[in-house]
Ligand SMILES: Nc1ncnc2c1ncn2[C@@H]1O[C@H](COP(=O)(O)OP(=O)(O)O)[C@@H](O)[C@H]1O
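The chain below stands alone, shown as C-alpha cells; this is the form predicted on its own.
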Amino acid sequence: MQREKILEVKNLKTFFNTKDGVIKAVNGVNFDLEKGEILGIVGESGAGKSVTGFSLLRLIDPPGEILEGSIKFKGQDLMKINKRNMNKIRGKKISMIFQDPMASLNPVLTIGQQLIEVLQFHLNYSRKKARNRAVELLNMVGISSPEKRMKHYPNQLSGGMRQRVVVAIALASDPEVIIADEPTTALDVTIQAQIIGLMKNLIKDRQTSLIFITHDLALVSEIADRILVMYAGDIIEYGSKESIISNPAHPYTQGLINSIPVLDKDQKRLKQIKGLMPSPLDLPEGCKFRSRCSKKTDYCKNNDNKLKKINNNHYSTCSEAYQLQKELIAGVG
C-alpha cells in the first residue's frame, strides 16, 4: 500500500550568479517523499545534493536564488508563503541536521540551554517543562548522564556526542520531515554506525520522513528506502534501493557501486570513475556524464536528460539503458 506523500518537489531550480557566470547548482529536479520514508540523495561533491536540501527550507542566500519550482509540504507550496510562516515550518515541521555539529551548536551556551530554547520557541513550553523534555531527549539519543550533560558546553563533548545532541535538537519539536546533510562524515566508522542506527530507530518509531544526503552510496544503501542519484545539478537515477543497488541503469551509478570496498581477500584494486565532473560554468550539451563514460554513443550528445522509466519503480536519464529496456520488453512481447 502506497504511503501518503508528505513532500512533492517539482522543477526546482537553484542558480548562483557569480562574476564568472551562472552556476546551475540544481537544475529542474523532481521527486517526492512519503510519510515514514527514508530517501537517500547521493552524488559527488558539487552534484547539487546539499543545495537541494537547503532549497527545501529556503535557506539559499545571495548570490544564490531559487528561480523556479514548487516545494509542496502536505499540499502547501513553501515557495508561496511569506517569511514569517516559513519560520513556523522551518525547525518545527521540517528540521535539518547539518554536517558539522560545531557549526550547528552555539559555543557559548550549554547543551541544556540550547535544547530548552528550541522547545520554548517552537512549542511554547514553560522553562520547567522544557528542561524535563530536554533531559528526556538527551536520554533518547543515547547520551549517558543527561542531567550532567545539560550543563556542558559543546566543546566539552566528543564529536559523536555533539552529533547526538544535534539529532536531539532536530527531534525536539517532533518534526514530520528531517533533512540530514552528510550527518556522519566527520565521525569514525564505529560512531557513524551508532548514529545511523539511532536515526533509523527514531524514524521508525516516530514515522518521521528523512532525507539523507551523502556522497557514500554504501552508507545510503543501509538506511534508505529509495535512492536519488545526482550529477552536475540533475537527478540522473531514481528508484527503490533494491532496484538501484542490484540493477543500476546509469553508468555513473554503476561506477559509484563499483568503487565501494568489499571485504574479500580476492578483491582487486577498486575501480574509480575516470575524469572529473564538468565545470558548473561550462556544462556540456546532452548527457553531462558522457566525457567520463565508457559506454557513450553519438545519441548521448542529444540526450534530453529527462528521467525515463526503466521499470515500475526505477528511472534513469541514460538513453542507452532506456533503449536496452525497450528492446528487452519488445523481445518478451
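No experiment lies behind these values; they were computed from the predicted model shown. All residue numbers refer to positions in the sequence shown, first residue = 1.
One more form of this protein exists, namely the form predicted together with the ligand; it is left out here, but the text below deals with it.
query: Using 4.5 Å between non-hydrogen atoms, is N303 touching the ligand in the predicted bound form?
result: Because no heavy atom of N303 falls inside 4.5 Å of the ligand in the predicted bound form, the answer is no.
With the partner left out of view, is A47 within 4.5 angstroms of the ligand in the predicted bound form by any non-hydrogen atom?
The answer is yes: A47 has a heavy atom within 4.5 Å of the ligand.
| said: Check N311 for me: does it contact the ligand in the predicted bound form (non-hydrogen atoms, 4.5 angstroms)? | reply: The answer is no: N311 has no heavy atom within 4.5 Å of the ligand.
P280 near the ligand in the predicted bound form, any heavy atom under 4.5 Å?
Judged by the heavy-atom cut-off of 4.5 Å, P280 is in contact with the ligand in the predicted bound form.
Can you work out which of V51, L57, I66, L307 has a heavy atom no more than 4.5 Å from the ligand in the predicted bound form? It is V51.
Open item on the list: Within 4.5 Å of the ligand in the predicted bound form, counting any non-hydrogen atom, which residues from 21-38 show up?
Closed with: Residues within 4.5 Å: I23, A25.
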